[in-house]
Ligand code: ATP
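In structure tokens, the next block holds one chain alone, the form predicted on its own.
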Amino acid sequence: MGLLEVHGVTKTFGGITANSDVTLDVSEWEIVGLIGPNGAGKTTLFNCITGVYPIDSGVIRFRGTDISDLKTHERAELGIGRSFQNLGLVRGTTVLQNLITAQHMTVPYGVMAGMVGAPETYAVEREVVGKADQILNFTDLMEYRNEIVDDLPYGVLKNVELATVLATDPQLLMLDEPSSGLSPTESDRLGDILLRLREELGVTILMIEHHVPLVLRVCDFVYVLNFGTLLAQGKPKEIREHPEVIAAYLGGETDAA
């Protein structure tokens, strides 16, 4: 039984089928890639998994439990964390404040207690800040701890978003194009962080990614979507050499990889 099981999922918008009978499995402690050309239905599938879109048919299970009808926040509470193509950060606040905000979904006191500064909130807030600092150290972001996110370069912001999602304690980390806008050096550093997340923290990762060398380097298994349907699946080496995948998506990138 996989950590995440997506079986026969179909999602349509009017007369357009974005996902058609898509099946994929993500086992615990794996890094799984989801690739394909623009418009292939990758982000739509992410939205179905996280509950942003209701599915038309099929089933989505997390740790063996059917979550197909759960709301987005209910899936997050089960341990599904997700980043976005467009940065999902609280602008105008510091990096530290973003990581603190992310943790408040699970703090053991109510909104009013937090607003009035009730004594029982003090110890919890110290733990929240301490956890945020641990994550900033892990992701090499401590130097930006007190910086306003609006003042940071895009490459740093992508890593801040990753750190913010980690602050929610995800069992499954879903990343939507995490290397988008990053330099080759920044992409290499991201790959190191992803491998450390799996090896040191036991985080399972499902990621949409266009940067093929990163996919080939870090992924244990890869699924390929094309026109909303599953074109291929297999180990990175198998996908790199798959003739239909090369024709539909990889093209000349295979030589560079």
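In this text, residue numbers run from 1 along the sequence as written. Keep in mind that what you see is a predicted model, and the values were worked out from it rather than measured.
Beyond the structure shown, there is the form predicted together with the named molecule, which is absent from this document and is the topic of what follows.
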How about Thr204 - does it come within 4.5 Å of the named molecule in the model of the complex, if we only consider non-hydrogen atoms? no
Heavy atoms within 4.5 Å of the named molecule in the model of the complex: does Arg198 have any? no
Within a 4.5 Å heavy atom cut-off, is Ile16 in contact with the named molecule in the model of the complex? yes
Can you tell me whether Leu70 touches the named molecule? I mean in the model of the complex, with a 4.5 angstroms heavy atom cut-off. no
Just to confirm the contact call: exactly one of 185 to 193, 215 to 223, 31 to 39, 59 to 67 touches the named molecule in the model of the complex at a 4.5 Å heavy atom cutoff, so which is it? 31 to 39
Establish, in the model of the complex, whether Arg75, Gln103 and Asp169 all lie within 4.5 Å of the named molecule, using non-hydrogen atoms for the distance. no
Quick one: which residues from 164 to 183 get a non-hydrogen atom within 4.5 Å of the named molecule in the model of the complex? Glu177
